[in-house]
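Two forms, one chain: they're shown below as structure tokens, one block per form, named structure 1 and structure 2.
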Structure 1
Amino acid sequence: MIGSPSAPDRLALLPDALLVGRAVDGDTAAFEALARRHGPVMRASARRLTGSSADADDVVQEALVQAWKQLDTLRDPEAVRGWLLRITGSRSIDHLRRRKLHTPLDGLEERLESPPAGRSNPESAAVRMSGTEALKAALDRLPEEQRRCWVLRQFNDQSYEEIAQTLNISAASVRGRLARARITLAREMEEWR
């Protein structure tokens, strides 16, 4: 039939919950549709946490393999995006633990909002760049557990409970680590307020 969408195109139109149900029943095309839909945000999340595009690709691949194997454990199929992001966060943290390095914060300037139109003159660009460099340096000086919590909260917009699940700690520990990180960053970034 002319004008009718192909099977992958039709799957892209289905809601997450229906795709999850089909994928749990073994429909690999439905899972591929979920991966295409949520893969970019998973990759962006992994990139923020690992600091590397290549590492992010590896993390997303690991996360998708884990998700495929554990899809039947997902309690709320409509929440598949958050579930995939939690898996991605966990795989990212595992990847960093294997590397035994601090998360490189190169590329932080890409993650921060660009200035409003009309405010991009050389002086404001230099000030903004200096502030970004100061923030990167301040984040590098944070203890790793505080930095991970801060990155998951600020860049991944995860809740305290999601961070606790990702890092396998209590929500109270997350609150404490974030509070200490905020105090330290506020003190170190005082001149940039």
Structure 2
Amino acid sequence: MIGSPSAPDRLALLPDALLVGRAVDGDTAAFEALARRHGPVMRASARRLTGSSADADDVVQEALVQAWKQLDTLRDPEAVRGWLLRITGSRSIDHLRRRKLHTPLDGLEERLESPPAGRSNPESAAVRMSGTEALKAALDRLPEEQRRCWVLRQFNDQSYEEIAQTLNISAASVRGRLARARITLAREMEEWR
């Protein structure tokens, strides 16, 4: 190598579009900087969609491999975050489909393995749930197809059209499921208040 490899600290300062340009040219360090920057939201989204921390990390890894391969197809390099989240959404849904095929006897979706800290603590279990705790519980009670729409909208910030593509349903179905999810959640949250 001539000169020093791209210093990670320096790359962490660069805007997305510049990192995308370098990564398209083959700079793996620039791609890793993008992964570090957007990894946490990808992981959070994949955890919500798959309901499993272990599966979520597999999904993030698959999504990053796909992103590296397809990076030159990204038309607007500034929009890389949304693009990574769309890939994360698709990979999560694929993961769920595969899991369903492999566990035909168990129709129930496994939920996040680790309950939130507050819930496992007997002392605070008696205390009133926080708003976000109550929302989590309400989300867990939603029908699976509504919850998927909700996550793709709220966590991945996808448009109705994009959600429709990810889930292979019509935009009108997305609109309906999302509305039903919100109505249910809003009612449950009013009761919680």
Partner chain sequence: MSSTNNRLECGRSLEELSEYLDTGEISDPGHVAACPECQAALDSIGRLATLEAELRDQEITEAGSGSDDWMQSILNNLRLELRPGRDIPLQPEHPGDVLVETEGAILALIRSVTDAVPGATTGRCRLLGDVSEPGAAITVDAQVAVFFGEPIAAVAEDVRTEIAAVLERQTELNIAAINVTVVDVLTQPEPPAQEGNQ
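Rigid core here is just the name for the largest C-alpha set that superposes within 1.5 Å across the two forms. Every value quoted in this text rests on a predicted model; they were computed, and no experiment measured them. Reference numbering: structure 1, starting with residue 1.
S.K.: Eyeball the pair and call it: which is the form predicted together with its partner chain?
M.R.: That would be structure 2.
S.K.: After a rigid core superposition, would you say the CA of L18 moves by 2 angstroms or more between structure 1 and structure 2, or not?
M.R.: No, its C-alpha moves less than 2 Å.
S.K.: When you overlay the rigid core, is the Cα of N156 off by 2 Å or more between structure 1 and structure 2?
M.R.: For N156, whose C-alpha is compared between structure 1 and structure 2 after core superposition, the shift is 2 Å or more.
S.K.: Using a rigid core superposition, assess whether Q146 undergoes a CA shift of 2 Å or more between structure 1 and structure 2.
M.R.: The answer is yes; the displacement is at least 2 Å.
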